[in-house]
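Form predicted alone, single chain, as structure tokens, below.
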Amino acid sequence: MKLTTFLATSALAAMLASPAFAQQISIKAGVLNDRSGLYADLSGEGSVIAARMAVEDFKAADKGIKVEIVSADHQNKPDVGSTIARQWYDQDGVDLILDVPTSSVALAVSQITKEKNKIMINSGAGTSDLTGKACTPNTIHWTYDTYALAQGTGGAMVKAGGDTWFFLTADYAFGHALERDATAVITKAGGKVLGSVKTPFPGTDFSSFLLQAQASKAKVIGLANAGGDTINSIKQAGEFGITQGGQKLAGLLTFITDVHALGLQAAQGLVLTEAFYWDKNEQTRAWSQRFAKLNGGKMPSMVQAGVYAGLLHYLKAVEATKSKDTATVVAKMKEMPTDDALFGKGSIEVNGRVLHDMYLYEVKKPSESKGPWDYYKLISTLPGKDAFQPLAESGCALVKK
């Protein structure tokens, strides 16, 4: 063989062996969330931005992985979410669904995902049933759940002397699960639940419910709600002088976007549990500042951070297996430790529950804040193994007895 022919053949072989010419894997990821309602700030377009950042930071194109991100608004309605999920899986070639706040929607989409043998990486929904009695081999639950929120906020409030509770509970799957999980933690710690009231979801006027809570004389009023419902509850509690009267409010699921909407004057002193805070360390600050530039100056919620981290881990599994086969990728995701700049090191249990540290924060007084979005001071860190439900107690059929 002539030298020139040999060199040309070698160059072609090298080129064909490069990632750019390797068989490309095409992934279509759907961000399904609330884009117009009470959870739009904490998920919405910000979750789409986070997903795009994951693809960019992973350098997917350089690794022969083509990723397309699509999005839709489920309007917090299980029927709407189910219809979109089916269309995405059956007609539009979507491989995995991300985010999905609103537990009733998430539970429905999780079952469709199993039926269609696709993948859901949930960041937005709270119910611990997603990795409990309603677990499937196809769902990964990334960011937080009602069990971890109860362990964090509920446990801390009882320890601090808040041993009698009254719940304002959003009347759907998430609220019910949060009240159930918080009640278990409170009673185990020696506290007592004096009563609860179910509130319409979504709601605007919480005055009659707050007056019932005030009349109960419970030391703690537990808000088993989220997003706009939490904001309205706290604002109206302030108007009734509830906290001035000595009762404490426990925001069992309070996002940084809620604190921002309320302002520190109204939110100061709230105790809350989060999986992620933008100002935790240098890595979270650097990523969050990039995110804020793309998101109109708004810092990320833990839900948006979870979309980023979940998709990043999925892409690592696709790269490692050179496949997008559902069972292959999920097995690799559960086998590999999780490790990213936002949540640090963790792992994924057989039931799909991601274990990572959770954090108990108190909202700063206005005088303690050094600038925009400087809202939290750390009270304590809950290691993942303590924050989330033990496998043996989960009720998940995937857990070997």
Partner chain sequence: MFELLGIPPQALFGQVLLGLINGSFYAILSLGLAVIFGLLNIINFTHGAQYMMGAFVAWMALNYLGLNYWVALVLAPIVVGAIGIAIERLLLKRIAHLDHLYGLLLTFGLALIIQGLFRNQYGSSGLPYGIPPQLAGGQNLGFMFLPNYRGWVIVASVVVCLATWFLIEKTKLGAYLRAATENPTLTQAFGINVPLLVTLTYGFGVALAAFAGVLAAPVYSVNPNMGGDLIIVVFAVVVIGGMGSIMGAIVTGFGLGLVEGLTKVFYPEASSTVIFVIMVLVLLVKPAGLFGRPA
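Computed from a prediction, not measured in an experiment: that's the story for all the values here. Numbering follows the first chain given and starts at 1.
Note that the form predicted together with its partner chain isn't included here; everything after this is about it.
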query	finding
The single option of 269, 241, 161, 297 touching its partner chain in the model of the complex, heavy atom within 4.5 Å	241
94, 262, 315, 186 - the one with a heavy atom within 4.5 Å of its partner chain in the model of the complex	262
4.5 angstroms heavy atom contact with its partner chain in the model of the complex for residue 340	no
Residue 209, heavy atom within 4.5 angstroms of its partner chain in the model of the complex	yes
Partner contact for residue 200 in the model of the complex: its partner chain, 4.5 angstroms, heavy atom	yes
Distance check, residue 48 to its partner chain in the model of the complex, heavy atom within 4.5 Å	no
Proximity to its partner chain in the model of the complex (heavy atom, within 4.5 Å), stretch among 252 to 260, 122 to 130, 319 to 327, 217 to 225	252 to 260
Heavy atom within 4.5 Å of its partner chain in the model of the complex - qualifying residues of 215 to 244	231, 232, 235, 236, 239, 240, 241
